[in-house]
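Below sits a lone chain in structure tokens, taken as the form predicted on its own.
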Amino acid sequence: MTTLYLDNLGVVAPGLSDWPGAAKVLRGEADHLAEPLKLTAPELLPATERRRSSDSTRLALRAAEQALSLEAAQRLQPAAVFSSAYGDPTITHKLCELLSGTPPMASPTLFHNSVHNAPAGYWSIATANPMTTTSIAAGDESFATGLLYAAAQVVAEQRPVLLISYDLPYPKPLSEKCEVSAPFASALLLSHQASAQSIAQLSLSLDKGPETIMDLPLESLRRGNPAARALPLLAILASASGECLLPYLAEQRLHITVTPCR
């Protein structure tokens, strides 16, 4: 079993625009009103990067800046793990359109944003953080894989790690083959020891059994976006304690136990 601590978090999705509001929805204190999400550029990005940033970068960094301010990022200098099943579907769609033309062409800006670690690059530029970043893709198990990797790094290196998990819908016609219902991103600031800022203790282990599901309509969001597999964990964090099983590899599950620090 691996034990670590959660110091802060953020969430961005339709009807869940920040953690305080999302926590009320997850506790059943407010209805989930899935209003369209406008992906504006995060404040932590310099002006030039704001103009160049793609939807995936905007989504990922909006969650990240909720969990960690620019000042805190520069002071703590955490390592970062970016977890996404699909990267930037809009960029993929646009590149496919351009490459299917005559002659086939590719925009340098689109290509620049198409690589899976583009949001990690923007994060490093925005925060002037020299610490390592890792970008992970593992299909529907991307969130659990990213959390395990981040936890291992926290324990092995005894340093804070920011986990950012995000995914967006594909445009047509790719959406017919790869269905993602709505944008979703979360960010967890993890550390190896408890502090005055710590919100909860997380204990992680591998287990078997049925994965934890949500009540509707949040279950539709959970099933409709790989990054939203984080919702059962966010739900028990909103309630301060509990257990959940998240989908991992094959028949394995990531078993998470949350206990409060405050």
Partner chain sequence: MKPLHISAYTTVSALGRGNAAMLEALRAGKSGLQPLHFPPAELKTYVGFVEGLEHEPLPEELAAFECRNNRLARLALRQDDFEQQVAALRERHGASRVAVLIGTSTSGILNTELAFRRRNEAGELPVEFDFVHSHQLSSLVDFVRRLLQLQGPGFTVSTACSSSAKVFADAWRLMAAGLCDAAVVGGVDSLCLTTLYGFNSLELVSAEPCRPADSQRNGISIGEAAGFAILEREPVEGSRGQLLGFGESSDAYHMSTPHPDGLGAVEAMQAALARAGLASSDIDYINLHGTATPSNDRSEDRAITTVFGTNTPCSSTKGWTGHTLGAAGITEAIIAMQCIEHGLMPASLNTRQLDPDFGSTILLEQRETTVNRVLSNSFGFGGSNCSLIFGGRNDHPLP
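Positions refer to the first chain, counted from 1. None of the values given here were measured: they were computed from a predicted structure.
What follows is about the form predicted together with the partner chain, which we do not show.
Interface membership of His192, defined by any non-hydrogen atom within 4.5 Å of the partner chain in the predicted complex, is ruled out. Under a 4.5 angstroms non-hydrogen atom cutoff, the partner chain in the predicted complex has Val115 among its neighbouring residues. At least one heavy atom of Ser107 is located within 4.5 Å of the partner chain in the predicted complex.
When the partner chain is considered in the predicted complex, Val155 lines it closely, a heavy atom lying within 4.5 Å. If you take 120 to 141 and check each residue for a heavy atom within 4.5 Å of the partner chain in the predicted complex, you get Gly121, Tyr122, Ser124, Ile125, Ala128, Asn129, Pro130, Met131, Thr132, Thr133, Thr134, Ser135, Ile136, Ala137, Ala138, Gly139, in sequence order.
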